[in-house]
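The data below hold one chain only, encoded as structure tokens and taken in the form predicted alone.
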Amino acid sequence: MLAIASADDVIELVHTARDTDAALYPEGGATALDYGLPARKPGYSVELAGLNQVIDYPWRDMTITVEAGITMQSLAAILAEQRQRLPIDAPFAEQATLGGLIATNYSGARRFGFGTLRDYVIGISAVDGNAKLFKGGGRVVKNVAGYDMCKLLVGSLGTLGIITQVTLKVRPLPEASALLVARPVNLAAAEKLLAALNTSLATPVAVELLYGNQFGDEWRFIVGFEGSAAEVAWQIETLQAEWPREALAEELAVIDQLEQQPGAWQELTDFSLPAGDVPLVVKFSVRPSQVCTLLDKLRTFDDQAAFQAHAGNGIVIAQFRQIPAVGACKFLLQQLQPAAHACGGYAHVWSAATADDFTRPAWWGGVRGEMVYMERVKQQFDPQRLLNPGRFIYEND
């Protein structure tokens, strides 16, 4: 492992890799090392946690420029001093880095109300496979010159450039934050609660449907609200009055995130990425109207599986604990991906204990038409295929 302390270190390292044809594997907080196919080409792990300085924080402009190795917990603490925040959920925030989150484009429960990292990265600096430092965007919100490199790098898994510095736009901390927790009598009842949100006057920032042994193998429907104290209280009261009582197995519970259970949002975020040994974790993206149909189908494959659905966005993260005898890859191809297609979406692997058995199309949910253009972009940024080779979707790695 090679520790990095500056962008110049990254440039020098890429020069060395070009001369020796060694692969480079960027690493932030090491919380998502299982995301992506296993590395097969020998090379170096590039430790980026040393890039953790605040470059500029004009808080009145509600932007901040930091190095990419800063942890999400440290970033949150710095912003909180000015009553501001980046409203993106980060699992294991004390360890996860901003650069790692951008590379994987991770988003959690608040995605429903606040969007994803692509909505907040307004400037970015990175070193490509030609050992060139390039920049996209800027340090001000209104910046429309040139190509939007920021959006290109978000979710690229470190295959187009090693991110060194990021400028973010931020938002004010809410005065109040609360979760309304329901225990529906069954999945059909949960679907009624979800449908009721379509006509509700309430405007939640998170709509979550969870199932697992943590809840006694029962469903939990959790709706998050943030804003002024009066606004949050009114929305909770409104939704409590609107929801059909026959769909609920017990009275609704309200968790005041700021007073009763400060870690409630973080627990909700960490739920999707289990720390223990789970043989297969798959992320589904389907039509929001098909979330309950998909969950009902997935339960027939594994009665010990746990699920977290960002139901308002049509995203389901499934933790499978019982893998059929055919193996995880064939299970994915023969059962899980057809189930996703039937619901108008697709599925790709988040982590797998037997990752070596997977093909690239199986892992990433099939080969789609846009791959041709992605290959051309990769060729421009990293012609020698030095950056994270073999782990992402490219055929020629």
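Numbering starts at 1 and follows the sequence shown. Everything numeric here is computed off the predicted structure, so don't read it as measured data.
Another form exists, predicted together with a small molecule; not displayed. Remarks below refer to it.
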Site test, A30, A96 and G99 vs the small molecule in the predicted bound form, non-hydrogen atom cutoff 4.5 Å: yes
Listed range touching the small molecule, judged in the predicted bound form by heavy atoms within 4.5 Å, from 287-295, 160-168, 73-81, 244-252: 160-168
The single option of L280, A178, L273, L210 touching the small molecule in the predicted bound form, heavy atom within 4.5 Å: L273
Single option in F225, F307, Y106, F112 placed near the small molecule in the predicted bound form, where near means a heavy atom within 4.5 Å: Y106
Any non-hydrogen atom of P91 within 4.5 angstroms of the small molecule in the predicted bound form: yes
Exercise: Y35 in contact with the small molecule in the predicted bound form, heavy atom 4.5 Å: yes
The small molecule contact at P26 in the predicted bound form, heavy atom, 4.5 Å: yes
A68 within 4.5 Å of the small molecule in the predicted bound form, heavy atoms: yes
